[in-house]
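One chain comes next, on its own, written out as structure tokens in the form predicted alone.
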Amino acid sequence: MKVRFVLLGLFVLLAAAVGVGVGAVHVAPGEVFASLTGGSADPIVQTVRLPRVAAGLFVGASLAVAGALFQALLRNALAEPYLLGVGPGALLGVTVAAVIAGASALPPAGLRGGAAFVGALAVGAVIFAVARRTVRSPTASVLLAGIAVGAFVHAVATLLLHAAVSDWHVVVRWMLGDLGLATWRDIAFVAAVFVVGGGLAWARAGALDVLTLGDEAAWFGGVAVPRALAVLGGTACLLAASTVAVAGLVGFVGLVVPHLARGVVGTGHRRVLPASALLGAGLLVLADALARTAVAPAVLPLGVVTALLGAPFLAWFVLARS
């Protein structure tokens, strides 16, 4: 098992090297190595590539861990922040903050993060309430509720942003997913949230294992179910909200990556959570590299690339379960 985590760590380093090296301007392998060891003076690497890769690592890790949490708490293999509407809820929170602040562009990272968390938590509370009340066909009901709520709040957010924010091209980039907008302050914010939220989730990994067996088994296992759902569900919303605040809407990472992680390390969440974080970090950086090179020098929206890669997985998964 240790060997698998070492390989996952090497995969993340390789993905980071690829992310620094590729793009409209190619960076030589020696310069990539120097950048990853702190010795590069190339302005492209220092001011463009490194912040983008660092943001991708923490955004990908946070989305993957949030997806693993939602799938365990809702006992739903298709749960993830984007499909459940939690991501669009965070988007609406940022939008309301921008309107209240009277900003002509996106608010600062701290304000975006707090507002995104409130919006994500509000939608998350609705989704968990639906899941707890649904007896028949819980998977379909939860997903339909998430898609409906997500579509509604996304439409409201788009209308408000269009009316309130004059710097519309930046807003569109952010809404479609873009790591290039992240500053080092944004990266510090999403990294801090990941350390706190990911650490809390890993510390409660045993409770997650029991919760996947059902409420009754969790009670007999000594888990206070309402408290665990509130704490871990709030953690998942916080992780998802931080990614929206920094990089906008990036879907399907939280859906696909936890399943890949279980295939590599098994089903125990003490292993699934760190494996998901490593895989999510590496895969999102590679997806961003693809977004920057597929139609270079133009850059595709990151959310579009992850949707193109993740939607077929969702279709295959649904057909395989039907």
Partner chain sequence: MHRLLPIALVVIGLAVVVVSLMGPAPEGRCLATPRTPGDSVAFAQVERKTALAATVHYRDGLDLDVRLAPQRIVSTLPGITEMLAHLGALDRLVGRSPWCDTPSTVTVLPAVSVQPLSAEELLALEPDLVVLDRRLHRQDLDAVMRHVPHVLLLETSSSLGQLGASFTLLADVLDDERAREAARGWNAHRVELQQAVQILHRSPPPRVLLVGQWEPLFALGPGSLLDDVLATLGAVNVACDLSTDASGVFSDELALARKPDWILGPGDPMPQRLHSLLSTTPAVQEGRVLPVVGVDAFARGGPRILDATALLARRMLGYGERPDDAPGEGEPR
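Numbering follows the first chain given and starts at 1. On a predicted model such as this, the values are computed, not experimentally measured, just so you know.
FYI, the form predicted in complex with the partner chain isn't displayed, but the following is about it.
Work out which of the listed stretches, 236-244, 149-157, 175-183, 222-230, brings a heavy atom within 4.5 angstroms of the partner chain in the model of the complex.
It is the stretch 175-183.
Do Arg262 and the partner chain share at least one heavy atom pair within 4.5 Å in the model of the complex?
Yes - in the model of the complex, heavy atoms of Arg262 and the partner chain come within 4.5 Å of each other.
Is it the case that Arg292, even though its partner is missing from this view, gets within 4.5 Å of the partner chain in the model of the complex, heavy atoms only?
Yes, Arg292 is a contact residue.
Within 4.5 Å, heavy atoms only: does Leu279 come near the partner chain in the model of the complex?
Close contact exists here: in the model of the complex, Leu279 approaches the partner chain to within 4.5 Å, heavy atoms only.
Would you please decide whether Val299 lies within 4.5 angstroms of the partner chain in the model of the complex, comparing each non-hydrogen atom pair?
Output for Val299 is yes: heavy atoms within 4.5 Å of the partner chain.
Would you give me the residues of 44-63 that have any heavy atom within 4.5 Å of the partner chain in the model of the complex, in order from first to last?
The stretch touches the partner through Ile44, Thr47, Val48, Arg49.
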